[in-house]
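A lone chain, given as structure tokens: the form predicted on its own.
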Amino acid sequence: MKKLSSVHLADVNAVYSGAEGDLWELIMGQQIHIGGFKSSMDLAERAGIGAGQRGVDLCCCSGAGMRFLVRYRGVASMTGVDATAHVVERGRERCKSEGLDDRIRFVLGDVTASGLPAGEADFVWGEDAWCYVEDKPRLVEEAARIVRSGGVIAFTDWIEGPAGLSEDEAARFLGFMKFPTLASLDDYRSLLGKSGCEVLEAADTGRFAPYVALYLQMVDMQLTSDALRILGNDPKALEAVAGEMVFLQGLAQAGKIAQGRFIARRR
């Protein structure tokens, strides 16, 4: 597992409380993960998540994934846990305005020690967000604690690809993205197994490189003025972000980073 000791939760909170988080949402939509609706539907279908179930979203951000699940999968209720007050408050406002606050609640807290009851959730959910958590063993243990026996842990995440990152590449990538640690497919397989789960799927979605190309094209061809507004109308700041995105695209094309999809059942 790759690590960058200079990045911590406070750095992640700063991203999603400010301009950088707003820029990600501009480019990727409220579902701030690669693949958006299609990725969410694919994960939910593969994991068998559907009507009447109760779920927990760890690192829920503003709750777009939870709104997807209650609307399009018929999930009865969702509880989201996130450590950034700004996005939790935004999520509560959005759920209320969309008439979903009776089925979705937010907890401002540590996803590695959520305080939620053990063994009550039918499933635990995550989308491209566990990469922001420093202590991934504790995170996976918490997911396994929350879910009932026979329940499912289903998530996507940004991971190290099979080609591997050099130390310099990892430092640049993790520093730009504010990821304190970066797991691989095998890392997550091992953590899930050690936490009492049967791994049903651990795979590269193949989405990373083409979607980064899409985001770059959108900013270049349509969203330039919007991105500049978010970044204080600073063309150099936008150029710097675009340069790092091109770097990410190259890593993905070389098989050094990827979006992983994971589905496991609690024994």
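These numbers come from a predicted model, not from an experiment. Residues carry their position along the shown sequence, with the first being 1.
A second form of this protein, the form predicted together with a small molecule, is not displayed here; the remarks below concern that form.
Site annotation in the model of the complex: the residue of Ala154, Ala183, Val111, Val140 reaching within 4.5 Å of the small molecule with a heavy atom is Val111. Proximity of Ala254 to the small molecule in the model of the complex: non-hydrogen atoms within 4.5 Å are absent; the residue sits far from the partner. The small molecule in the model of the complex is not approached by Leu23, whose heavy atoms all lie more than 4.5 angstroms from it. Contact annotation: Leu248 falls outside 4.5 Å of the small molecule in the model of the complex, judged by heavy atom distances. Using a 4.5 angstroms limit between non-hydrogen atoms, Ile230 is distant from the small molecule in the model of the complex. Picking from 233-241, 198-206, 212-220, 53-61 the stretch near the small molecule in the model of the complex, with a 4.5 Å limit on heavy atoms, gives 53-61.
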